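First comes one chain, alone, set out as structure tokens in the form predicted on its own.
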């Protein structure tokens, strides 16, 4: 089964973000992760604009799975969006 593209916007110091990364790793999901707090100032602004486009509250983690956006660590919802 083809996996939809997965993009994770996270903060390196966020516990919920760490749990989300662990879940994706345990499920062998290929994903693109951006730790927003590790971006330089110019890149950070562009990334925050990306996050606000899908999550106006700009909270973390923000996970984009295909065309579905999940805000926060919601294991069941993440697995459902991944078809697991």
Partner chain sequence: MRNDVRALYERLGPLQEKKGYPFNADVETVESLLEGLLVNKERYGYMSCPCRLAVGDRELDKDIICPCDYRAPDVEEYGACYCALYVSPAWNEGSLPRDTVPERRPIGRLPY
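Numbering follows the first chain given and starts at 1. Values in this document were obtained by computation on a predicted structure and should not be read as measured data.
What comes next is about the form predicted in complex with the partner chain, which does not appear here.
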| item | value |
| --- | --- |
| Residue contact check: residue 68 to the partner chain in the model of the complex, 4.5 Å heavy atom | no |
| Residue 48, heavy atom within 4.5 angstroms of the partner chain in the model of the complex | yes |
| 4.5 Å heavy atom contact, residue 28 and the partner chain in the model of the complex | no |
| Contact label in the model of the complex: residue 58 to the partner chain, heavy atom within 4.5 Å | yes |
| 11, 18 and 52 each touching the partner chain in the model of the complex (heavy atom, 4.5 Å) | yes |
| Heavy atom within 4.5 Å of the partner chain in the model of the complex - qualifying residues of 62-84 | 72, 73, 74 |
